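Consider the single chain below, provided in C-alpha cells and representing the form predicted alone.
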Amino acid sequence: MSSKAEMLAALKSVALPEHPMPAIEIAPRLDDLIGQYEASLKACGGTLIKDNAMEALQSQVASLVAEGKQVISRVDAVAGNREVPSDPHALKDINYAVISGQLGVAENGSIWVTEDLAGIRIAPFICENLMLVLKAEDVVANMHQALAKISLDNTGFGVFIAGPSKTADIEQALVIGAHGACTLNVYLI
C-alpha cells in the first residue's frame, strides 16, 4: 500500500458520520425585488440601467465602437467589434465585454454568469469594463433561491459577479478595479 493510500485509509477510519444539512427556513423578502436588487448592486459599486435598457446598451456600445474601443459582445442584439477568441491571451486589450447573466440575486446584487454565456471563462474578469444583461423575471430574492435554480451540469463553470473588482487593505483603502473590471453596468430588460 502506498503512503497516499495509507493516509487516505487512516482519514477514512476516523471520519465522522454524515449528517443532513440543516433546514434553513428563512422567508425571502419578496417586496420590490428590482428595488432591492438595485440598492444591493449600488452598494457593491455597480450601476443598474432599467429604463429602455437594451436601447441604451446598443447606443452605448455603438458609441464605444465609434471611439475605437475594443468591445466583445455575447448578446445577439448588440454588435461589438471583436470576436471572442479561443486563446484567452487575445483578450488582453479588451475594453468592454457585453455578456448575459442567467439570474440576479436581490439580497446581494450579484449575477450568475456561466462560461457558455461569457463565451470564454476569463472574459468577465479581464475586460476593463463589464456590461451584463439581465432579464427582470430572472431576479430572485436570495442565495437560497438562486442556488436552487443554477446547475453546473451543462456548463462546468459559473460565477456570481457582484459589482466591479475591488479590494481593500489593512488601512481600509478601497480600490475599485484592482484585479478585474473597473466598472459594472447591469442592463435590466
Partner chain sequence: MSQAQTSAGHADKADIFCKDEARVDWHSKALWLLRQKRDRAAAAVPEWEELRTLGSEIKLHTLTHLPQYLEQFEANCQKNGIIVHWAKDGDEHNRIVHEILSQHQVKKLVKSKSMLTEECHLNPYLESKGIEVIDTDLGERIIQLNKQPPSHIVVPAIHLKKEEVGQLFHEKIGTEAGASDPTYLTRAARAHLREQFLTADAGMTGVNMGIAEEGAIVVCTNEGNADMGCNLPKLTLHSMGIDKLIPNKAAASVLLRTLARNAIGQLITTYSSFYHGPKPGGEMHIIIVDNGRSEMLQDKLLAESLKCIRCGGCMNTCPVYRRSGGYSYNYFIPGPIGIAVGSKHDDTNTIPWACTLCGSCTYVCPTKVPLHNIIAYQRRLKAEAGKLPYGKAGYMPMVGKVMSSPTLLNCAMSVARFSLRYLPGSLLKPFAGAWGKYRELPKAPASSFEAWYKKNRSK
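Numbering follows the first chain given and starts at 1. Just so it is clear, the model here is predicted, and its values are computed rather than measured. In this text, rigid core is short for the largest set of C-alphas that superpose within 1.5 Å between two forms.
Omitted from view is the form predicted in complex with its partner chain, to which the following refers.
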For this session: Verify the flagged residues 24, 122 and 152 against its partner chain in the predicted bound form: is each one within 4.5 Å by a non-hydrogen atom?
Result: yes
Problem set entry | Listed residue (48, 57, 162, 64) with a non-hydrogen atom within 4.5 angstroms of its partner chain in the predicted bound form | 162
Exercise. Can you check whether residue 156 is within 4.5 Å of its partner chain in the predicted bound form, heavy atom basis?
Worked result: yes
For this session: Using the partner position in the predicted bound form, report whether residue 88 sits within 4.5 Å of its partner chain, counting heavy atoms only.
Result: yes
Exercise. Wondering, does residue 139 line up within 4.5 Å of its partner chain in the predicted bound form on heavy atoms?
Worked result: no
For this session: Evaluate residue 43 for contact with its partner chain in the predicted bound form, applying a 4.5 angstroms cut-off between non-hydrogen atoms, and reply yes or no.
Result: yes
Exercise. Just checking, between this form and the one not shown and with the core aligned, does residue 182 shift 2 Å or more at the CA?
Worked result: no
For this session: Note yes or no: does the Cα of residue 15 move by 2 Å or more between this form and the one not shown after the core is superposed?
Result: yes
